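Just one chain is shown here, as structure tokens, and it is the form predicted alone.
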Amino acid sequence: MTITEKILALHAGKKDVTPGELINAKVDIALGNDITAPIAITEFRGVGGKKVFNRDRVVLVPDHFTPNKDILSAIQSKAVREFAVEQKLTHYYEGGDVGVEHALLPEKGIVVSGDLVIGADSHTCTYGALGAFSTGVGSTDLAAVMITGELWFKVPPTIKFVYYGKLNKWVGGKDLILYTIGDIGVDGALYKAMEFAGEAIGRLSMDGRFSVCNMAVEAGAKSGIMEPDEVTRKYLRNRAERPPRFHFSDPGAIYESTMEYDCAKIEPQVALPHLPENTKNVTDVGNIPIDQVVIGSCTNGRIEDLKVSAKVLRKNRVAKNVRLIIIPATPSIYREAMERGYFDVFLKAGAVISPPTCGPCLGGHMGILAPGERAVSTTNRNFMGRMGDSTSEVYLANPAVAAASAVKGRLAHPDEVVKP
């Protein structure tokens, strides 16, 4: 079996499972946020739910519209808060404790290797970087899990993606996944598990791995996953709330197909509007002036992302008429970036530093685009109207490209700003 099939079989209490099989499986972690949890709570009560299946395993993180942007978002957050208090949930985070959920849960050790995780948010697939099966579900599914601790799944077939060779300068996990989506398309892995492997993946930090798995859903995947290794074990050490369970694909595991990529051929990528599959090398996009740059989100708001952003921005200034918004993904990342001196670099460059929030990624707040405006963003989606007006445009890129673009006032390669 593949790693995905092994995890699903274990949680279904079965010896083995095969692609296409319908199973009922026990869930380790169930996640909701300030947009999706209120619906789940309403459904929970509507079917007579009184008590969650395990107050340690239901996690609520109001991160999308927080700090609350208006009365409606405040009402949603209030509903989540009151439910968390009523149910005495161990893992509820708001105010100075809140972070972008898919950065916060791994950081706090709430998700560990071998887990089966569902979240009422499509980018729940992020946790596959730890060797967990994690997938997004609807709010009614979240309600069902909050009551029963179980959910039905159709076992997905697995496509294996193997990355070999050495990564080029300025190329990271974001570029690998953008390049892959550009190759297979936004429906290239529809309802499949994407298993990421190869020497290049092995050399990625956990931050880079989270970026790769985070965007598996942008290829239509049910999940993204990586086999755990020493990098994973080191990350979980002194962090994991529960003992991790390490699973690996069998040598004879059956894959639907296998894709191989030579990383020597991959340059920093840009996904042009209005789909993540519309990718080009940053050197091939031409002269595209921009109005805003966003560095953050559950895709690229971690400390490694802020580090490379500071490297590009050091001794540089944001171009006139360009707004640069930097959003550390969690309070811990915020504090570390501040202590490392990155905030000084960002402020001198003319950036705005936001508290942890999803904010502009979903067109929520903290950086909405006006008609006709263009943004370079380290987020995960560039659908029409995703970050504001339907005539605005979003270009997805890694943090180094985003920072360089802020300095140049147009899409730019980092080498244009940071001279050898």
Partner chain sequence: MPMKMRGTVWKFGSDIDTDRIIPARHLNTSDPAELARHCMEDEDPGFAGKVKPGDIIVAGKNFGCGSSREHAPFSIKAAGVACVIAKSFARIFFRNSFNMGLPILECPDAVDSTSAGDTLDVDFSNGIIKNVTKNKVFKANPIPQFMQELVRAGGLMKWIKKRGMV
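None of the values given here were measured: they were computed from a predicted structure. Positions refer to the first chain, counted from 1.
What comes next is about the form predicted in complex with the partner chain, which does not appear here.
Asks: Could you check which residue among 292, 269, 330, 135 gets a heavy atom within 4.5 Å of the partner chain in the predicted bound form?
Replies: When the partner chain is considered in the predicted bound form, the option within 4.5 Å is 135.
Asks: Of the residues 316, 73, 249, 232, which one places a heavy atom within 4.5 Å of the partner chain in the predicted bound form?
Replies: For this set of options, the contacting one is 73.
Asks: What stretch, of 54-62, 28-36, 350-358, 371-379, brings heavy atoms to within 4.5 Å of the partner chain in the predicted bound form?
Replies: So the stretch in question is 28-36.
Asks: Is residue 164 close enough to the partner chain in the predicted bound form to count, meaning some heavy atom within 4.5 Å?
Replies: No.
Asks: Quick one: is residue 222 in contact with the partner chain in the predicted bound form, heavy atoms, 4.5 Å cut-off?
Replies: Yes.
Asks: Just checking whether residue 190 would be counted as a contact of the partner chain in the predicted bound form - the rule being heavy atoms within 4.5 angstroms.
Replies: Judged by the heavy-atom cut-off of 4.5 Å, residue 190 is in contact with the partner chain in the predicted bound form.
Asks: May I ask you to check whether residue 147 falls inside a 4.5 Å heavy atom distance of the partner chain in the predicted bound form?
Replies: Heavy-atom contact with the partner chain at 4.5 Å: present for residue 147.
Asks: Residue by residue through 101-122, tell me which have a non-hydrogen atom within 4.5 angstroms of the partner chain in the predicted bound form.
Replies: Heavy-atom contacts to the partner chain in the predicted bound form: 120, 121, 122.
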